[in-house]
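Two versions of one and the same chain are coming, encoded as C-alpha cells; call them structure 1 and structure 2.
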Structure 1
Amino acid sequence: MLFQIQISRMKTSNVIWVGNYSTVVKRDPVLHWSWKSELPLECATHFVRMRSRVDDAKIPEPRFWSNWSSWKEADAQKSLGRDPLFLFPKDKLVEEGSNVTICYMSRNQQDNISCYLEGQQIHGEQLDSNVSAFKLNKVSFIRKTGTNIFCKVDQKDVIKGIVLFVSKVLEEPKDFSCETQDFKTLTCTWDPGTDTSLPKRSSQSYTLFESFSGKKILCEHKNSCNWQVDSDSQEMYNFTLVAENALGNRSVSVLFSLTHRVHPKTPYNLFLKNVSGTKATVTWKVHPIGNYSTLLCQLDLLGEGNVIQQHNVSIKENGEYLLSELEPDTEYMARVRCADANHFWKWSGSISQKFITAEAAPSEALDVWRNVKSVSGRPTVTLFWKPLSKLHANGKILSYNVTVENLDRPSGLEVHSVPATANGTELTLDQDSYQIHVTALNSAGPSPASVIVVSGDPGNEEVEEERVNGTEDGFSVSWKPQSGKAIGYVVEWCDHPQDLPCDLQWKNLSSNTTSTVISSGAFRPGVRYNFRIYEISTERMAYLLEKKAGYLKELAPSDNPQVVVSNLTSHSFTLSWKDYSTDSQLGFIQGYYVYLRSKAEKECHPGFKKATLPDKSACCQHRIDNPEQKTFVMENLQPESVYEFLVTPYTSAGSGPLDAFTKVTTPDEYYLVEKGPYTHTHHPPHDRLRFAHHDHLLPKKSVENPHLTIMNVSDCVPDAIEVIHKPEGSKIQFLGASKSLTETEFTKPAYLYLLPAEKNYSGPGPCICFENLTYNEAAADSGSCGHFPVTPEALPGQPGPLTSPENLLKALEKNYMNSLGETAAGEASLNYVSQLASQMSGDKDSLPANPPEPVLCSEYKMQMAIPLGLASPPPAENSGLSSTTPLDQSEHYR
C-alpha cells in the first residue's frame, strides 16, 4: 500500500509537509511512521491526515486514491502547565553545521521578551501573539558543555534558558588496515579523526565486521581492534569498520590476503664483535613467524648521522654480517630492521648499536712548509704543518717527531719531539744543507714522513714583483715553470698580513699545475696580499719562482703624503714627498693629483685643468700618472702672492681625501737673495736706508724656507728711516780708516766695530755699528744699533772683526748650498748677515782717543739668512776686541 501524508501547522489549511510512505500491509496490521519537525512541537499545534491507494503491479491502472482521513490534532501545549514563559527545545543534541530552530511561548501577550545566544541578542519571527521562533543556521561547536540560550521578560524577574549541545562531525575512519606479526592475531588500526564525545552523552563506538565469516566484534579502543585468526587458516578477509554515535554512523572496508599483511616484530640482541680499525661483525636475532619464517633484514651503517653503507641479509632466526672498509678510530652506528621476504608489507621496528673502531697509524703525511730567515748570521728555520684530518689521523695524535739530518757533513740524526698541541717548531741551523723529516704519532704508530730540504743559501730572492687582481672568488695566481724538473709548487701568503706573526698560509700543488685560485674567508678589501710561488726541486729544495701582490678589492687612499716645500722663489716652488709604506696602501698607487688655488689668479696654469672641490669651490688640478714621481715644481707664479696646494694619491678606486690645503706665499722678487752676502736682484744702486737708534731691523715671521730669506722694506720696523742718495761711485770712509772705498768695491763682508763713547760720557755704552754682521737669533734684548756698558780696559786699541771675512764667507757658502736641499721648512732657527755702512769718515786704523759720538745707525744694504750655529767664534786675544756684543733676539721670517 502507498500512503500519502499531509502535515499542517497552526491551522489545517497551512500545509507544511507532504510525503509518501510505502509498506506491505498484512491482515490487522498496526503501522508506525514518524516525522521530525524543525519547529519544536511544543511551540505550535500540528495537524496530520492521510489517504491511501493500492501499490501493486498486478492491479491494472488506473489506481485511485482513497478519500482523505479527517485531521488529527497534535497539541503539546495543553500539558505545559501555567508558567508565564517557555523555551524549546530542551537539551537538544545536533551536529556541528546543522540548522536549528528554537522558540518561546508566553502566556501574556503584553510581555516584551528578549532572547540571547551566548550573551548576544537574537531576533526571530513571531508565529502568533504568544509564540516566536528563531532559526540558527550552521551552528558551530563552542564547548563540550553546550551552547547557552535564554529568554527573559523585560522589567520582570522571569528568565528561561536551554542548553544546545553541538558535537563535532563524526568522521569516516582513515588509514584503516590490518596486519599480523605471528599469524595468530590480526591487528586492525585506523585514525578515528575528531572525537565527538560530549559529557553525559554516549561516546562514539567502533564495530568490526568480517563478511566471509559473518563475525562481528565491538572494539575496545577508538583506534585499534584485535581479531583472532581461526585455526582453519582462513586466507582472505573482508573487514568493515563502522563508527557510530547518537547522530549517525560512518563506515570503511578493506579486503586482503593474510600472507600479504605480515609485519615482523622488532629484532633483538644486536651486538658488535671482532671490532678492528677497518672491520666489525654484527649479530642479531629475530622473532619467528609460524611456517613463514624467511625474513629479509636491512643492515645500515651510519656515520655522523648519515647512512654510509646498506646491506640486505635473508635469515630465519639469527643474523650475522661482516662490515668492512671502516675508518680507524671512528664512531659508527649499526641499525637493523626486517620484513617478510616473500610478500613485503612493512619493515619491522629498528634496533641499533653504536661502536668505535680501533686506532691505526696515521695514513697520510703531514702538509709541511718552512720559513727561513737569518738571525745573528745563522739560518733559523721555522717549520709549519697542518693538523691531519680525522680521516687521516686514524686516532688521537700524541706528538710530532722532527728529525734533522746534515747533508753536507753526515753525522748523527737530531730528533725533536713536538707536543701534539703545536702546529710548528723553530730550528737554528748553520750554513749547511739539511734534510728534515716530520711525522705525526698516535698510539698505533707514526705517519708517513714529510721531507723538506733547507740550505743556508736562500737562493735568488731578488724576484720582480707582479700584480694580481682579486675577485669575489679570491686571487687567480699563475706562474711560468723554469727548470722543468719541479716535483711540485707551493704558493705562500698571509691571511692577516698586518698582524705579527702574519698567520702564514700555503698551498701545495702538483708539478703539472701552473695556476690556482687562492681563497680565504679572512681576505678583506683594502688589504695588500703578497703571494710567493716556490718551485720544489727533485732534491725537495724550495726555490723562489715568482712574487705576486694584489688586493681583493682596491679602495681609495685614506690619507695623503706629507709634502715638503723647497726652492721657494718669486715665481715657483718645489713640492716633494716620500713613498707610502706598501702595507698601509689601500690599493696600488697609480699616480698623484696636485691641486692649486689662488685668489690672485683665475685661470689655471699650463698642465692644470679646472676642478670643483666637495665644498663647491674651484681650483686647478694636475695629474701625475707616474707613481714613482715624488716631486713637482709649481711654476709661473706671481710674486708676493698666496697660493694653496694639496697633493693626493689615487688608485683604481679613487683619490685620497681632499682635506686641508697648505698655504705658500711667494716673495717679492726685488729682495730675493740667493747666494752670497751681496747677491740680490734689481737693488736700486743709489738708495740706502738709515735706521734710527734702538730700531729692530728684521721681521718676526714664521720660517717657511731657511735657505731663502726675503727682506722687504715693509718688513722692517725701525724708529726712523731716511733715504740717502749718493752719487754713483762715491766713496765711503769708515771711522779711523786710512783709505776710502767706492760702493762697487765692497765684495767682501766688512767688520764689526765697537765705537767708544766720549771720555766723560755718562750715558749708555758705545753704539754698535756694523757691516755684514753675523746676527745670532739667540741673542737677546738689543737693537741693530744699541748701547751697552764697556769698561775702559775692555776697549781695544784697534777694533777688529768677530771673525775673519774669508772664514765667514766660506762657511756661509758651504752651509747654504748643503742645506738648500736637506732642511725642510720650519726646521732650523736662523742667523742673519746684515749689510750696514758706517756714516763716519776716517781711517779705522787711526781711531782718535776721544772720538765724537757716532751718528745713530748705519745704512741698510741687504740681508741674507744663514743657519744657526755659524756665528763667529769668540775673538782671539790679539784681535783687539774684549768681548762680543749680544744683539736683539727676533724671528726674522718671510
Structure 2
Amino acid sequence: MLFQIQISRMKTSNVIWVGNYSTVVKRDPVLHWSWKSELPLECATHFVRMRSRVDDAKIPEPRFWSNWSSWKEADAQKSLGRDPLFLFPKDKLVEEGSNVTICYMSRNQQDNISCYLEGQQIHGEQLDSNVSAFKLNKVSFIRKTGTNIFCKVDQKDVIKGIVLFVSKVLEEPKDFSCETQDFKTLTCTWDPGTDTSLPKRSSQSYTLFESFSGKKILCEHKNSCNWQVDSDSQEMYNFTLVAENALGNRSVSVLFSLTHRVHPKTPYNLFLKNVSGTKATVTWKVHPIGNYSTLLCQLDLLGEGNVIQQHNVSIKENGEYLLSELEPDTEYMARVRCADANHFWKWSGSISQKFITAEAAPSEALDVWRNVKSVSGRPTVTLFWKPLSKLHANGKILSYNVTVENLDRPSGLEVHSVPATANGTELTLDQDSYQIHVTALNSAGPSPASVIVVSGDPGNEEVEEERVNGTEDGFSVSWKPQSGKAIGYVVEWCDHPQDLPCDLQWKNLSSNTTSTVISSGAFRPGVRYNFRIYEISTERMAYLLEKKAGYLKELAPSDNPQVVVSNLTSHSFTLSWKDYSTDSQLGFIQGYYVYLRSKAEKECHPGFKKATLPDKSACCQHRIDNPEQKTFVMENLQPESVYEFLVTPYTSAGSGPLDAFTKVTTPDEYYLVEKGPYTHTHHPPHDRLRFAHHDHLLPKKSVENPHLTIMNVSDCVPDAIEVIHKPEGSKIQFLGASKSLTETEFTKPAYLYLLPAEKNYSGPGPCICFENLTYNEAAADSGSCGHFPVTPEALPGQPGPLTSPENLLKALEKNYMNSLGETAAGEASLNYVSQLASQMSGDKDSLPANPPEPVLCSEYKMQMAIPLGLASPPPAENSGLSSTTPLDQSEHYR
C-alpha cells in the first residue's frame, strides 16, 4: 500500500509537508510512521491526514487514491502549565553544523520578549501573536556543557531558558587496519577522531562486522578491537567498522587476506659472541608464525647512532650473523627486526644490544713536532705530539715511549716513558744530533714510530720576517723551497702568542706543497701571529725556511706611547717615545700622528695640517710615515705659550685614542731653571733668573728632569745674568694648594746678587752658586727675612761687614726695599730667602779663609718651604732640610 501523508501547521489549510509512505500491509493493521518537525511541536498545533492506494504491480492500472482521512490534531500546548513564557526545545542535542529551530510561546501577547544566545540577542520570526521561532543555522560547537539560550520578558522578573547541546561531528574512523601476530587473533586498530561525548551522553561506540562469517562484535576500546581467528579455513576477511553515537553513525571497511597481514612479534634473545677487534657474531630468536612462515630479519649495525651496516637474514626461528669490518675499541649497537618474508606487511618491533670491540695496536704514527731552545747553554728539545684520533688509537692509550738515539756518537738508546695524559715531553741534549722515536702504546701494542731528528745547532735563525695577510679563512702562507730535497714542510705558530705557554701548533705539509692556509678557531683580530716554515730534510731534520707575521684583522692601536718631552726651549721641544714597542700592537704600526694645538696659534705650523678631533675641536696634525721614527721636534713655537700635544700610532685600521693631550708651556726667552711635569699647566715664569737668550745655554739634564732642580751654571756660559722682578707676578695663578714645593711657582721675586762673570777671568771658572735654601712663608709678615747679599761688597751702601744677624737683616731689608722700591710689601705672600753659598758649595762648615773675596764658584740650590712651626725656632743642624735660618747662614758668609 502506498500512503500519502499531509502535515499542516497551526491550521489545516497551512500544509507544510507532503510525503508518501509505502509498506506491505499484513494482517496486523497497525502501522507506525514518524515525522520530525523542525519547529518544536509545543510551539504550534500540527495537523496530519492521509490517503492510500494500492501499490502492487499485480494490480492493473488505473489505481485510485482513497479519500483523505480527517485531520488529526497534535497539540502539545495543552499539556503545558500556566507559566507566562515557554521556550523549546529543551536539552536539544544536535551535531555541529546542523540547523536548529527554537521557539518561545508567551501567554500574554502584550509582553515584550527578547531572547539571547551566548550574550547576543537573537531575532526570530513571529509565527502568531504568541509564538516566535528562531532558526539557528550551522550551529557551532562551543562547549561540552552546552549553551544556555534564554528569553526574558521585559519589565518582568521572568526568564526562561533552555540548554542546547552541540556535539562534535562524528568522524569516519581513520587508518583502519587489521593484522595478526600469531594467526590466532586479528587486532584491528583505527584513529577514532574527535570524541563526541556530552554530558549524559556517552561518546561514540564502535562495532566490528565481518561479512564473510557474518559475525559482529562490540569493541571494548575506542581505537582497537580483537577478533578471534576461528580456524585456518578463512583466508579472506571483509571487516566493516561502524562508529555510532546518538546522532548517527559512520563506517569504514577493509578487505584483506590473513597471510598478508602478518606483523611478527619483536625478536628476543639478541646476543653478541666472539667479539674481536674487527668481528662479532650476532644471534637472536623469533617467535614462530605458523608452521610454514619464513621471516626476513633486518640486522642493523649502528655506530654513534648511525646505521653503518645493514644485513638481511631469512630465518625460521633462530638468527645468526657474523659482523665484520668493525673498528677496534669501538662501541656499536646491533639491532634486529623482522617481517614476513613472503608478504611484507610491517616490521616487528626492534631489539638491540650494545657491544664494544676489542682493542688493537694503534694504527698510525703520532704527529710529532719539536721546539729547540738553549737552556743554560744546553740544547733543550721540547717534543709535542697530537693525541691519536679514536680511529687510530684503537684503544685506550696507556703511555708514550720516547726513544733517543745519538747519531753522532753511537751509544745505547735512551728510552723515556711519558704518561698518557701528556702530549709532550722535554729532553736536555748536547750539541750532537739525535734521532728521536715516539710511539703510543695501548693494551694491544705500540703504534708505528714517529721519527724526528734534532741537533744542538739551531741552524739559521736569521731569516727576515715577512708579512702575511689574514682573511676570514685564516692565513694564506706560502714559501719557496730551498734545498729541493725536502720530504715535507711544517708550518709552526702559536694559537695564543701572548700567553705562556703560547699553545704551539703545527701543520705538516707534503714535499710538493708550497703554500697552505692556516686556520684556527683561536685566531682573533688584533693579535699578531708569527708563522715559521720549516723544511724537513731527508734526514728528518727541520730547517727554518721562512718567517711570517700577520694579523687576522688589524685593529687600531688601543693605547698611545708614553712620550717624553725634552729640549724644551721657548720656541721648541722634542718629543720621544723610544720605549714604544711596535711589535705587540693590534696591527702593524705604519707610523704616527703628532697632534698639536694651542690657543695662542690659530694656524698650523709647516708640516702640520688642520684636523678635527672627535670632540669637534680643531688641532694640527703631522704624520710620521716611518714607524721606527720615534722622535719629533716641535719647532717654531711661541715663548710663554701653552701647547698641547698628542702622539698616536696608526695602523691600517686607524689611529690610537685621541683623548689625552699633554700640555707643555714654553718658557719665555729668558730661562728660569725650572721645569714641572708637563702634564700640568705652567705659567710663564715671572720671578726668575734670566739668562740672555741663548737656547743652547739650557743644560739638558735640567729640562729632562720634570721638577725644579739645580742648575749648574758651570754647564753654561751665560752672557749675563740678572735677577728681574715682574710686578705682574702677583696675578699669577696657582694651580692648586696641593702642589709640591718643587712645582710651586712663586709670587714674590727672588733677589740674588750675582757676581758678573768676568770675561777675562782666569780662575777655576766663572761659576756662581745660587743656594736659595729656604723661604719662609711667615717671613714676609714678620719682616724677619730678606735677601742676603753675596758679599758685603756686593751690597752698595752697606757700611762694614755684617757681623751680627741684626746687621745682616738690616742690610738685607734695606737692599730689599731699595730694589723693590715700587713694590708694595703688602702684596707679598712669600719671600725668598736667598743665599750665596760659600766657595765650597754644600760644605758650609768649611769657611773660606778670606771671606771678603768673591767666591769663584756659585751654586744655586733648591729652595724649600718651611712650615711656620719649623721656621722659628730654626731647625737643628742635622735637620734633613738643606737649609738653615738666614741668620745662621749669614754667618757662613760673614
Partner chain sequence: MRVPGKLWSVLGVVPLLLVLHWKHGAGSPLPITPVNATCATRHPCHSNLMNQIRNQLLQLNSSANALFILYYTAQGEPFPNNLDKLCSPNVTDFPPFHANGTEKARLVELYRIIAYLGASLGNITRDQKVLNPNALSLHSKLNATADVMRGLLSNVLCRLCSKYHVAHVDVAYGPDTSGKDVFQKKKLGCQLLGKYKQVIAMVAQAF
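Owing to the predicted nature of the structure, the values given are computational and were not obtained by experimental measurement. Superpose the two forms; the largest set of C-alphas matching within 1.5 Å is the rigid core. Sequence positions of structure 1, starting at 1, serve as the residue numbers.
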Completion exercise
Students should recognise the form predicted on its own as structure 1
Problem - After fitting the core, P89 CA displacement of 2 Å or more between structures 1 and 2 - result: yes
Problem - Flag for F271, CA shift 2 Å or larger between structures 1 and 2 after aligning core - result: no
Problem - CA of R532, rigid core aligned, shift of 2 Å or more between structures 1 and 2 - result: no
Exercise for the section: With the core fitted, just quote the Cα shift at Y116 between structures 1 and 2, in angstrom to one decimal. Expected result: 7.2
Exercise for the section: Would you mind giving the Cα movement of D154 between structures 1 and 2 in Å, after fitting on the rigid core? Expected result: 8.7
